[in-house]
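Read the single chain below, which is given as structure tokens and is the form predicted on its own.
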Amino acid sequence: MRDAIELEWAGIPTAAIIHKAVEGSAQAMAKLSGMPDFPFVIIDYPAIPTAIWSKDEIRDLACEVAPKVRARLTA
């Protein structure tokens, strides 16, 4: 999260992808960084936060997340 914020400060568009399990931590980091409304893409279960996914789960997750990332980068 902090890396995404610092890249934004440098003028580089970013799309932080955060698992629902650590959403509170990401929000706290954004707030502590002075950017409480910093947008990020949230993924949730069944994508487990340890990132041990099957090829089918990866494909499905990519199909779900890619449009959100594209929208964030072109906003």
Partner chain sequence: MAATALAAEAHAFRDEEDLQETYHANGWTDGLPIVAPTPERVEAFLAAAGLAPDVLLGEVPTREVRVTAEHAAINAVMAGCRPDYFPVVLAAVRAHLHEKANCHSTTGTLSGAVQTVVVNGPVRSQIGIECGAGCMGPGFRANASIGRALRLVIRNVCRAIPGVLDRASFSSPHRFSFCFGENEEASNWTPMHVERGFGANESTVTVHSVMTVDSAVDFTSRTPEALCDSMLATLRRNGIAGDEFLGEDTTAMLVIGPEHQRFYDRAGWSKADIRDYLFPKFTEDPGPNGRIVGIGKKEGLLIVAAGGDGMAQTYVLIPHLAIAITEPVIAPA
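Residue numbers count along the first chain shown, from 1. Note that the structure is a prediction, hence the values are computed from the model and not measured.
Another form, the form predicted in complex with the partner chain, is not on view; read the next lines as being about it.
Q: If we define contact as a non-hydrogen atom of the residue within 4.5 angstroms of the partner, is residue 29 a contact of the partner chain in the predicted bound form?
A: Answer yes; at least one heavy atom of residue 29 falls within 4.5 Å of the partner chain in the predicted bound form.
Q: Is there a non-hydrogen atom of residue 9 within 4.5 angstroms of a non-hydrogen atom of the partner chain in the predicted bound form?
A: Answer yes; at least one heavy atom of residue 9 falls within 4.5 Å of the partner chain in the predicted bound form.
Q: Is the gap between residue 2 and the partner chain in the predicted bound form 4.5 Å or less for some heavy atom pair?
A: Yes, residue 2 lies within 4.5 Å of the partner chain in the predicted bound form.
Q: Is it the case that residue 61, even though its partner is missing from this view, gets within 4.5 Å of the partner chain in the predicted bound form, heavy atoms only?
A: Looking in the predicted bound form, residue contacts with the partner chain do not include residue 61, since no heavy atom lies within 4.5 Å.
Q: Taking heavy atoms and a 4.5 Å limit, what residues of 16-38 are near the partner chain in the predicted bound form?
A: Contacting residues: 21, 22, 24, 25, 28, 29, 32, 33.
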